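A single chain comes next, written as structure tokens; it is the form predicted alone.
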Amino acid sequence: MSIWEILAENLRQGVVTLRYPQRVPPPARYRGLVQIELEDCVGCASCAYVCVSAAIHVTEERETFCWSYDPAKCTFCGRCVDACPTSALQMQAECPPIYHCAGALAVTYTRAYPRCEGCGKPFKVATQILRQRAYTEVSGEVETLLRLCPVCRQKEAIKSMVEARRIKEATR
């Protein structure tokens, strides 16, 4: 059989693709796409800071922040998951779906910052996990102050200083 006969036979048959009967399961500790639990995310941008491939972006706006992830840029190193202080990021254990163009699996989520209990304005709050990392013990007074925006927190601090000074002068 000559090469020309083989080529003619292949052209007559057309494209033939044999599918595997099932997908091969990924190995243990496989690092797939990054997923976010948006309720746990505080918008600190630690994940974007450590992302060497710039696959994660966090943009802050006045009342909200946007978390964006593009798997086409991701190296799947897992540094973002390690850096997240609230454990809001996880990596999927299964293989990602097949896509044909860059950016097809890209996602963007928008979340509003929590509101101040004093004035109602949105602000970047220190969550329970961040507070536990920053302080060994958190008193009730500190818990109350941490739910206030910096402006209201400063007003409360001034009020408490004035009150302490008034009590000190009254006891003299």
Partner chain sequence: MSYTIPIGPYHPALEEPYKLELECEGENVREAHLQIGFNFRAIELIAQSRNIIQNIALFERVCGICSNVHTLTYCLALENLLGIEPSLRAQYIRVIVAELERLHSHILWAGAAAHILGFQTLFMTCFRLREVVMDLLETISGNRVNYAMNAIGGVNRDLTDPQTIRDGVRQIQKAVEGQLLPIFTNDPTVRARCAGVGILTKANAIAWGAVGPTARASGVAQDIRQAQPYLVYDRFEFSVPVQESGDVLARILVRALEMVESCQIIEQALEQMPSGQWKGQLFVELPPGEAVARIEAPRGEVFYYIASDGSEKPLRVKVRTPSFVNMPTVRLMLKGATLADAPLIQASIDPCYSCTDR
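Positions refer to the first chain, counted from 1. In this text, all values refer to a predicted model and were calculated from it rather than measured experimentally.
As for the form predicted together with the partner chain, it is not shown, yet the points below apply to it.
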Want to guess which of 112-120, 45-53, 142-150, 58-66 is within 4.5 Å of the partner chain in the model of the complex, heavy atoms only? 45-53
Taking the partner chain as it sits in the model of the complex, is Gln13 near enough to touch it, meaning that at least one heavy atom pair lies within 4.5 angstroms? yes
Given that the partner chain is not shown alongside this chain, does Leu7 nevertheless sit within 4.5 Å of it in the model of the complex, heavy atom to heavy atom? yes
Quick one: is Lys124 in contact with the partner chain in the model of the complex, heavy atoms, 4.5 Å cut-off? no
Against the partner chain in the model of the complex, would Ser87 count as a contact residue? Criterion: heavy atoms within 4.5 Å. no
Partner contacts for 73-91, taking the partner chain in the model of the complex and a 4.5 Å heavy atom cut-off: Thr75, Cys77, Arg79, Asp82, Ala83
Explain in one word, closer or farther, how the Cα atoms of Glu94 and Leu18 are placed in the model of the complex relative to this form, where the distance changes by 3 Å or more. closer
Over in the other structure, so in the model of the complex, do Leu18 and Ala93 pull closer or drift farther apart at the C-alpha level? The difference is 3 angstroms or more. closer
